[in-house]
Each structure stands twice: as C-alpha cells, then as structure tokens.
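Just the one chain here, laid out as structure tokens, in the form predicted on its own.
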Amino acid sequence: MNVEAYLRAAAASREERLRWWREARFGMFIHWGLYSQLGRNEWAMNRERIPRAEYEPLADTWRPAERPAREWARLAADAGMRYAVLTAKHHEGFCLWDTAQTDYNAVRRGPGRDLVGEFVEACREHGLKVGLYYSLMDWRHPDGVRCATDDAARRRFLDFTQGCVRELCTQYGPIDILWYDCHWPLRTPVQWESAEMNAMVRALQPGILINNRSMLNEDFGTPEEHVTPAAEGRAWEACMTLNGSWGYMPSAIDWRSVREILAMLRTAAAGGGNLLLNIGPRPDGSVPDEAVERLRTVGRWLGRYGDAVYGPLDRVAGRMEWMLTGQWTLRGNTAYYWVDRWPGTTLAIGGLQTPVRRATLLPNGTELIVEQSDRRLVLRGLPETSPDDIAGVAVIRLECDGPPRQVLGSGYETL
C-alpha cells in the first residue's frame, strides 16, 4: 500500500472525526492487567526479567471483582472526563477479551469473562466515548522478538497483531479511539504494515481516531508524562500518570495534587490539546482512594468552571503572556483567567491590548469593576481571599471587543 496515499485519504475527514474529541478535552486512561497483581509497575515482567513460565500463572490467579468497569466509568463521569481508554492488551501479551488469536486471554483463563466487553458497556452506560489501547510489542508471543530478524516470524506476528486489532474493531460496536503503543522491535511502518492495518481499521470503524504510535502520523500525537503543546494545527493528547506508575503500584506515594491536575488540564486546553489521565486499578478492579478523591474533586471544580475548559478553544501561545497570579484559556472574544495565586481585592493585568467590555467572577457571574488604560487592566471588587473553596483556582471571565491579545514587551519602556 502507498503510505502517503493512505495518509492523505485518512486526513480528508480528520477534522470532522476530531470534532467531539477536541471539545471533550479530558479523558481517563486505565492500565489494568496481570501486572496489577504484582503491584510493581506494568513493566515488572521486563525489568525484573521474570521468566514466562513464572509470569504466566498470573493468568490463572487473577480474579477481578464483578464488573469494576462500572466504577471506573462512574468515576470518569464524576471527574468531568468525556472518554476513557482501556489497555485491551499491554506489553505482557495478555488479552482482556475473548480472542481467537491466543488462549492467553481473560475469557479462557482466570477472570473467565470478557473484560473489554464490560468496559465498553460501562462507558456507554455513563455517556463516555470508548477507547481501546493495544500494545504492538508483545513479550509473551513466541514471534514477538524474532519478528525483527526472521521474515516468517514477522508474517506470523503480523497476522496475530492484525487479527487482534480486527477483533477489537468488530466485536463491540462503534469504537471511538484506537490507542497503539510501543512499536518495538520493528523499525518502520512498512515492516509493521501500519498503513494496511489502519486502513482495515478505518474500513471497519469509519469514525475512529487513531494515535501516532503505529509509526504513522495519524490523527493525534501523544506526549507522555509531559504536557507539551504540539505544533499549531496538530491534534495532541498528553497521557499522564497520577503517581508515576501506569499500573497499580501501592508503593508509589507521590500523588499529584488537584492543583497540579488542573494546571495540566489548563496547559492542554490552552495549547489546543487534551489530557488523558491514568488510573491504575487494584487487581480486583477497585480504584485507589487517592485517585478517587482527586478525580472527584477535579470533577466538582469542572462543574463550576467547565466553560473555561470544554468546547472549542483558541491556542494561547503567541496571544497572551505569562503572569504571576494565573494563566489563560481563550475562546473567540472571551478570555478566561485562571487565578491560582489570589491577589486580594484588586487584580492588575499588564499589556492587555483588547478593550474589555465586562469582567465577571465565575461561576456566579459576579460583576467586577473594570479600569483599563492602554497598558494596564485593573479589576476591583474581588473578595479578600480566593472564592474557590475546592482548589484555590478561581476563574475570571473577560468579555472583550475582539480576540484578546496581550503584549508586555520588555516592560522597561512603560514603567
């Protein structure tokens, strides 16, 4: 297949397919597999060099609770997330659905049921878009390594891979996101037959979004563990852990605060991207209390200030400057100023070039007094302390005469 021709065809309907995703802004990543029983990170098999014969019995000892995906979906909805992505197969090679490609799967081994099917059903119950993660790399498959040096092994492994992906795209109704990971050990998309595989996916799921980890520049980029905006016009999604581990790891105690999560979400929204925030459920599928507490708190905050996050937003870069008391998101003629260091009863913003018609304090729309000169905006009538009792991150909405723009320059010439 001509890769460039395939990519041109895929790009033709991209913006239409991306519309819901760009407006959703916030999703849940779920890493759950045999490694959850070990509680030592999802890479334990590889990093500890656990032999297959020692690792595989985990497939028979895994006994998840009844339908934990309902808890995840409810939590995601409570958190203000609009979609969720589950690791249908991680690098360990264990499949969470009833695949015909291998008996190393959740239906034929310990769990005894289709965990992907339960996840899809739970997402739909709670109004979430459905994403499935699939690791191209496979530590357990006999051809997972030798496919790099043996053409016959590569053919067998590609047939296995394409068979798995086809099943995920045919057994569960509409799937909204296919999230590939780890293209090792093959080095090119031609070796992976990525264009052929993704063309098959798009034929089966015309509305699906595909990430960039099959070595093709598909629908969106995936910065990992850093929230870094992509080039303008490029859709992107930062995938982030809550505590430094994707899989369940009770010893990982450095949990991100609610304020950190909101800062990541603001950075993504301001840069035209999304935030995919991970939970690592326990082996039974329950979610650690630390994650539940933080996500529900974020959801309460979004219930008040979601207007500054959801829906079509403009990129901030090149339009606004960094500030000491907060940062920006933008939509059309409206600027949202996220105040995470409360200034007291008066807030001054330098360099705002666009006339401000009205300033209000969200969520109740309390009117603020606006005083504006050619180099300084002063807002008066604020409370003494931050009005946000959830995370200390309040939002002020500025309604302007045109698209907001801030120019501070060096600052010395205006003092």
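Position 1 is the first residue in the sequence shown; the rest follow in order. The structure presented is a predicted model; accordingly, all values stated were derived computationally and were not measured.
One more form of this protein, predicted in complex with a small molecule, exists but is not displayed; see below.
Trainee: Among Ala231, Ala152, Cys182, Ala100, which has any heavy atom within 4.5 Å of the small molecule in the predicted complex?
Mentor: Looking at the other structure, the residue within range turns out to be Cys182.
Trainee: Counting non-hydrogen atoms within 4.5 angstroms of the small molecule in the predicted complex, say which of Arg266, Arg294, Arg82, Arg213 makes the cut.
Mentor: Among Arg266, Arg294, Arg82, Arg213, a heavy atom within 4.5 Å of the small molecule in the predicted complex occurs only for Arg213.
Trainee: Identify whether the small molecule in the predicted complex is within 4.5 Å of every residue in the set Arg14, Lys129 and Ile208, based on non-hydrogen atoms.
Mentor: No, the whole trio is out of contact, none within 4.5 Å by any heavy atom.
Trainee: Considering non-hydrogen atoms and a 4.5 Å limit, does the small molecule approach Tyr133 in the predicted complex?
Mentor: Output for Tyr133 is yes: heavy atoms within 4.5 Å of the small molecule.
Trainee: Taking the shortest heavy atom distance, is Leu330 within 4.5 Å of the small molecule in the predicted complex?
Mentor: Answer no; every heavy atom of Leu330 is more than 4.5 Å from the small molecule in the predicted complex.
Trainee: Is Asp388 close enough to touch the small molecule in the predicted complex, meaning at least one heavy atom pair within 4.5 Å?
Mentor: The answer is no: Asp388 has no heavy atom within 4.5 Å of the small molecule.
Trainee: Does at least one non-hydrogen atom of Trp246 fall within 4.5 angstroms of the small molecule in the predicted complex?
Mentor: Looking in the predicted complex, residue contacts with the small molecule include Trp246, since a heavy atom lies within 4.5 Å.
Trainee: Choose from 27-35, 368-376, 344-352, 58-66 the stretch whose residues reach within 4.5 Å of the small molecule in the predicted complex, heavy atoms counted.
Mentor: Of the options, only 27-35 has residues within 4.5 Å of the partner.
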